[in-house]
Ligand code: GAL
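So this first bit is one chain, no partners, the form predicted on its own, shown in structure tokens.
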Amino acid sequence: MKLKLEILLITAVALLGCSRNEVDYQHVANGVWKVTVGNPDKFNLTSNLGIIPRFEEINEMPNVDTLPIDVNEIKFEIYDGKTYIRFPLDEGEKLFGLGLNFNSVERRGSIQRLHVDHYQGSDNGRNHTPVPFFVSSKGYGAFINAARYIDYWAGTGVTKNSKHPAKAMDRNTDRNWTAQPYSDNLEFLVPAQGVEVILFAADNMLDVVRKFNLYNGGGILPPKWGLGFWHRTPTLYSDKDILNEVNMFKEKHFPLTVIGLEPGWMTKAYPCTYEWDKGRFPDPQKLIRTLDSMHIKTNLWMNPGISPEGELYSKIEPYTGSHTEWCGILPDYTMSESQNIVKDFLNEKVVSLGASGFKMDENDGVDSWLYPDVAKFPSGTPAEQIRQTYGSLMQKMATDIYRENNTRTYGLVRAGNAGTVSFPFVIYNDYYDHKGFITALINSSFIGTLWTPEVRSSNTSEEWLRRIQTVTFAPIAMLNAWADGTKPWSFEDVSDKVRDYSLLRMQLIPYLYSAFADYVFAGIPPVRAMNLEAGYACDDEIESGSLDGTNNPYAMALRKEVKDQFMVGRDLLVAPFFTGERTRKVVLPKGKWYDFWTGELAGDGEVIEVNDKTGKGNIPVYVRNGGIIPMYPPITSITGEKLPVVIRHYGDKSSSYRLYDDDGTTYDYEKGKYTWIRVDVTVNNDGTKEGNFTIPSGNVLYSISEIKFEF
């Protein structure tokens, strides 16, 4: 289907000398339309990322042939060299996505400028992944594919010719007067004379998000070691310090799969040489091989600025921008020359020695550190577009190194945007608000990115435990001791509990790995918002604001959101406690839910209250009725040897599960070298349970030695 709409641009007639603007709608896949307006920039958020949409998987989803809104109600206008976009909003319609926000989940009522930057405490559009994609509760979404600073007004602008006009009220006499009259539109302003917009429609919001993810190449599958437990060491640690640290983990029986080296591994940092410091690391290859023999991978910190004192400087200088970051020159990664020079250098100095990946820092902001928008780059790409894609392009460069070696990597990065769903990097930052961590974890699931709430320092053992409990269920379970040298056992009174949670993380790897396989092949976020969960009825509520001459003089509405619980994989619901809390409410979607720790019924589609009088009890985790959780035995490392998998089943409902298996380290799964194992649990009339599993004919088990059932 190809539909062309022509929209009269009244205001553009005099200014642009044209009377009509063509908008091209092209149906590209099941429930996916590509819309071209005017003359879009050739360089956009995805144009240089080498993304291949997974149309086959999209077309296998339930068929949708129309949008749930009238396309004639979507307005496009080019005026003053910019593109104006307006989507209609129904009363009660909810909006999600539009960047990695840390304070709120629903976007209706917000105004932001989407701008890659270090998050500094305010949901104003400046964040690490300001992805211009939204999903509506009506069952559709839109991706504004422009590498520009995009402004949006989500249900705030009130037009005089609205089909659903707000009622004018007299503030002097009407107690219902509000400073925010009803708005029936979502508006975007793109500073370009045209734009590409991708529209997605599905039966529910999760399937809209899935289509967005699959359109951008599908999710990623980390190596199995990446789903273990990470520890980052202090900045100036030497090889001896690192080995001492590793030995302490082993002596205390704490799991460890990745050790992170901070800036001190280099001869110079801030700006960087990407060369080993021979004083602290006289034989880096020997260190990496020693760690590898202990089944521990090595992840190395880096940032974009290239030091004038390094070998790379003269090679890359012709392909760098006019401005520096901390006196380091910045490669123009939109150019293949820059990509190849840095790739070859990192491959020679780092990857060929066995390093497993990177932590890519400071490719997000802050403005006073990074290049200004007046900077020029040799490709001719405007600095604004470079800013919006720099982290994405660095992710591609690093990913390509490992892909060319057929070795999976998993790392950390400070910036990304649309299209990075298929790159094996997780967003992190220096913001350290625990509740904000959870809200960001929730919001990441709407925009095709992963976020991890790492653990750094804590003021009390209670806080330390609460943070450890949270990262147990995050995309990366990591303790970052770069600044203060904390260890998992730093608080002795909770040391045993912390060990138990780090071991639990290792046990959950089969479950997490299967969830990530669903991310790759089906676009399902492995960690996701409750709003994407079927049967979740307790969405955001709006309550009237009380008139207060000082604190709320315009009687603005107050929003109540459930933003402190999330889903992990198909069957787990996680609801963290925060420091100082002794009770909390948990919203259970429709159906029965069971306590992960005890197996007892917790509730049935209701709001429950959970108590913890000590402040150091278990994190509340629940499993849906019929939930199946495959687990390893408690292990401290991923050795590559086959391991047994124990199947847990919760509740009184018979169910099936798909357990994923492959070699855990290479990209051979893209060539079909993987196995989906069907696991079935039958609950008999007398309450007894029977389990069995089926391996498709001709398939093999790559990493599983046996499958057992635990009832």
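Everything numeric here is computed off the predicted structure, so don't read it as measured data. Residue indices: 1-based, along the sequence shown.
Below, we turn to the form predicted together with beta-D-galactopyranose (GAL), even though it does not appear here.
Taking the partner from elsewhere, every residue among 361, 428 and 480 has a non-hydrogen atom within 4.5 angstroms of beta-D-galactopyranose (GAL) in the predicted bound form. Residues with any non-hydrogen atom within 4.5 angstroms of beta-D-galactopyranose (GAL) in the predicted bound form fall in just one of 257-265, 609-617, 96-104, 417-425: 257-265.
beta-D-galactopyranose (GAL) in the predicted bound form is approached by residue 301, whose closest heavy atom lies within 4.5 angstroms of it.
Among heavy atoms of residue 270, some come within 4.5 Å of beta-D-galactopyranose (GAL) in the predicted bound form.
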